[in-house]
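There is one chain below, alone, in structure tokens, taken in the form predicted on its own.
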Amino acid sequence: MSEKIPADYTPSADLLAGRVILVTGAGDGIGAVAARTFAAHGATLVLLGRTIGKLERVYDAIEADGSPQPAIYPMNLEGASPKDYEDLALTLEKEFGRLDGLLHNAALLGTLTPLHQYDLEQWAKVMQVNLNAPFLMTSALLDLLKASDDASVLFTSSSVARQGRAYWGAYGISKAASDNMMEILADEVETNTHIRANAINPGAVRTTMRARAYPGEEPTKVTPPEAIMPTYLYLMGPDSRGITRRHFDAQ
């Protein structure tokens, strides 16, 4: 069952002050906007993505905003090995000693095609980025999350995760599995840790991925990423302490 944050929610300016937050797919779309928004509310961001140029643009925007200096961590989730995630954890431990927030935002759309025609190589790529990567990353960073006094792990869901829809293939299936992974993680860490895990369904948002899925749609009629940030702030910050294993709609 999905929920929404309080309609009158207003985050404080210093909501995330002092927190270290990692965002995957931080180079553009929702990830870039979330990173800038978290930083604007005081967080130190770790910008993770595969395209250095895009990450650098977000880095520059955060600095121009006057927010805390972020860090860039280039990583291609499609080809990352377990050791790559271990190296990430070691780097973050050395630089920060803990992790207060993790937003699993990176995703591949794949192709919209009938299941029996789905290309196996494409299937594997989508599953690697949308499902295996969040599993491997969360596992590798769990000790750093445990070191936080109040850690939040956010998984990105979708309407096609909750109700299967024709032609959404690997994307819909990977997102349904991701929702289940969030619930399992939340159950496992609810006792004896300060970690909570939740899922956000962004809804229809003006991104490159959305344009690929709906090429005939008029972009100006689609919600911009900035408009859904209150849900991200609420679930990433201390205002949602005690809330875990929930599914939220950002719209």
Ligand SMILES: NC(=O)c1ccc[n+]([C@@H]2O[C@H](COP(=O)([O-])OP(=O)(O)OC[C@H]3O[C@@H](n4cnc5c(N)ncnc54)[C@H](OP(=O)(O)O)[C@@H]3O)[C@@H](O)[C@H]2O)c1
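Predicted, not measured: the structure shown is a model, and the values here were computed from it. In this text, residue numbers run from 1 along the sequence as written.
Below, we refer to the form predicted together with the named molecule, which is not included among the displayed structures.
Residues with any non-hydrogen atom within 4.5 angstroms of the named molecule in the model of the complex fall in just one of 112 to 120, 143 to 151, 90 to 98, 168 to 176: 168 to 176. Within 4.5 Å of any heavy atom of the named molecule in the model of the complex lies no heavy atom of residue 86. Interface residue remark: residue 203 is counted as part of the site for the named molecule in the model of the complex, having a heavy atom within 4.5 Å. Heavy atoms of residue 107 reach within 4.5 Å of the named molecule in the model of the complex, making it an interface residue.
The closest heavy atom approach of residue 209 to the named molecule in the model of the complex falls within 4.5 Å. The partner is absent here, but in the model of the complex a heavy atom of 30, alone among 182, 39, 195, 30, sits within 4.5 Å of the named molecule. Applying a 4.5 Å heavy atom cutoff to the named molecule in the model of the complex picks out 156, 157, 158, 171, 175 from 146 to 175, in order along the sequence.
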